[in-house]
Each structure stands twice: as structure tokens, then as C-alpha cells.
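Shown below, as C-alpha cells, is a lone chain in the form predicted on its own; questions about how it binds or moves come after it.
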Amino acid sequence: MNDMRRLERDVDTSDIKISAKGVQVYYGDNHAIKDVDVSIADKTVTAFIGPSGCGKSTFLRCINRMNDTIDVARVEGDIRIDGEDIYDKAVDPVQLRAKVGMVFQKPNPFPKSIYDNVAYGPKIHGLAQNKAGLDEIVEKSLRRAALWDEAKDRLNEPGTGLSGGQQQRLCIARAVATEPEILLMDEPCSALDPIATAQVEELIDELRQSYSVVIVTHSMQQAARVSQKTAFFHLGNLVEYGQTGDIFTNPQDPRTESYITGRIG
């Protein structure tokens, strides 16, 4: 009971961006996510932590319906963004993914110029009236991703020619170019060196001024550094969710404590 009271106290219901109730995910016969309830706030970084295979990335992919692309995946339950059921048949997943940007584990720039990588989404969604409008979106997005100064003189060069850390910031610029409201990040620093990781972490802190950011990370240190809220997943269950400081210093569930102290995972 104390646990539930604590969870409720941690969430200001007026500020909820993403709400999930009774979410189950199956891959064929494998029950990957079990009865997850969570409310995620706007303008906040929420970290999903837990051992490999615990369901954190699977749940993250429910928020922009990426699991729809997997034939054997089945999602049940209720997930809402701003109160709207994102699994409603009337919702177009392509439009949803413009609103819910995603950055993956490995930087995956398109085999196009730096400019075209960022301009791709706005072109598809008709966000610019003309070339000048597109130029403005590209510059603004690269600035948001802290990449403009490094890229402004090489916009016509291939994105794949950038360093790993720059490529990941290019992917962040590409994700924010469609003016999303939510940014999902699936282990965005796991392929990066410590300097590039620090740059992306600094960027995440800035991005939360504009977005609800949800990050899956294997690194508890990273979760502690960048997030305000942390959710601990274990064996497909959401075990505990609350203020990051509380989760790391005063976990309520013995499984959370075991993971944080290195006894499981």
C-alpha cells in the first residue's frame, strides 16, 4: 500500500503526457510485458532501467507503435497520449511517429546528405511551404541537436561521414525536425565513446525543456544523471516507478534494491 501511495504522490495528474494501463505485449507465445500501468509526465526525462530482456525496450516501442512492424507482436491494454488512445483504429501510425520521435541504439543516418537527413520528415509531412522554410527547419533542428556549428559548412556531405557521436546527434536532429511532442531514446549512447555520451546527455537535459523524453538505458549512472523519473523493469513487470533519487537511494521493492546494488542483472 505504501508503494502505491508513493507512486501516486510522484505523479501530478495535470501534467501527464503518456498514460498506460494494463499493457500486455506478446511475441507469439512469449508474454514479454505483463500488466504495466504507468503515467509519464511532460517536460520530464523518464528512464527505463532493468536487466537485458526485461521488457523496457519492448514497452518503449509500444509508445509509437513500433511493435506493429513485428508480425508476431500483439499489444493489449490502453496507451494514451494527451488522453487519446494511440491504438484506436482511426490513428495513423505514420502521423503518430511524427508526434513521437525515436532515436535508436546505433546511429542510423540515411545514406543522404546531412541536410536531407533532417529535411526528410518535414518534407513527407508537408511542414515547410518552400525551400526557405525547409532551410529554417533544418537549421533549427541541427541547433537543437547541438550540431549546427559542426555541420553548417558541410550540409551537402553525407551524414554517414560524421563521427559516431555526431551521427547520433544528427539522428536526434532528424527526430525533432517533425516537431514531435515526445522523444523516445532506446540506449542512445551505448555505441558512443564517453565524450560523445556526455554531449548527448547534456543535449537530453536541454531537450526536456521542449519534450517529454523517455530513455531506455543499461547504465544506472546515466539514468541517475539525466532523468527525473525512473521505472525499473524486471521479467516483463514494471516493478517500481518514482522519482529517480528515491529509486536509487530508497527503493521500496527488494528486486529494485538487488538490481541497483548489482545482485541481479
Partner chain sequence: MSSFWLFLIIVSLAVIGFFVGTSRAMSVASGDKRKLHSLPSYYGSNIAIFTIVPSFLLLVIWMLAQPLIVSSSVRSHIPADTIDPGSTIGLVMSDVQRLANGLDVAVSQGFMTEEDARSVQAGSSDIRARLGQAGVVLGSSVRPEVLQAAQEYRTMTSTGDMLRAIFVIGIALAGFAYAFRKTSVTFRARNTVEKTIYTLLLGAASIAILTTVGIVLSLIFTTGEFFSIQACLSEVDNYEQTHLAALRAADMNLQNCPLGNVALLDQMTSVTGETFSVTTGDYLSAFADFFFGTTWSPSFGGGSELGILPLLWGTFYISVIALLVAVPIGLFAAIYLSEYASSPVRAFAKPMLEVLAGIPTIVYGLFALLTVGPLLVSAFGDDGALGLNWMQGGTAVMTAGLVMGIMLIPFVSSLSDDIINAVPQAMRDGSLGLGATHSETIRQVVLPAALPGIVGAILLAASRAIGETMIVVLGAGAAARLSMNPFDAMTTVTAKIVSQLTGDADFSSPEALVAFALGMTLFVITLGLNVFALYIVRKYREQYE
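Residue numbers count along the first chain shown, from 1. Since the model is a prediction, treat every value here as computed from it, not as a measurement. Here, rigid core means the biggest group of C-alpha atoms that superpose within 1.5 Å across both forms.
Same protein, other form: the form predicted together with its partner chain, not shown, and the subject of what follows.
Within 4.5 Å of its partner chain in the predicted complex, a heavy atom is found for not a single one of 188, 198 and 210. Checking 175, 79, 147, 138 for any heavy atom within 4.5 Å of its partner chain in the predicted complex turns up a single hit: 175. Listed residues 66, 239, 38, 203 were compared with its partner chain in the predicted complex; 66 is the one with a heavy atom within 4.5 Å. Looking at residue 192, you'd find every heavy atom of it more than 4.5 angstroms from its partner chain in the predicted complex. Mapping the unseen interface onto this chain, residue 109 counts among the residues with a heavy atom inside 4.5 Å of its partner chain in the predicted complex. The closest non-hydrogen atom of residue 104 lies within 4.5 Å of its partner chain in the predicted complex. At the 4.5 Å threshold, heavy atoms of residue 234 stay clear of its partner chain in the predicted complex, well away from it. In short, of 82 to 90, 129 to 137, 109 to 117, 148 to 156 it is 109 to 117 that has heavy atoms within 4.5 Å of its partner chain in the predicted complex.
Of all the residues from 35 to 62, the single one having a non-hydrogen atom no more than 4.5 Å from its partner chain in the predicted complex is 61. Residue displacement note: residue 83 has its CA displaced by under 2 Å between the shown form and the other one (rigid core superposed). Once the rigid core is used as the reference frame, the Cα position of residue 127 differs between the shown form and the other one by 2 Å or more.
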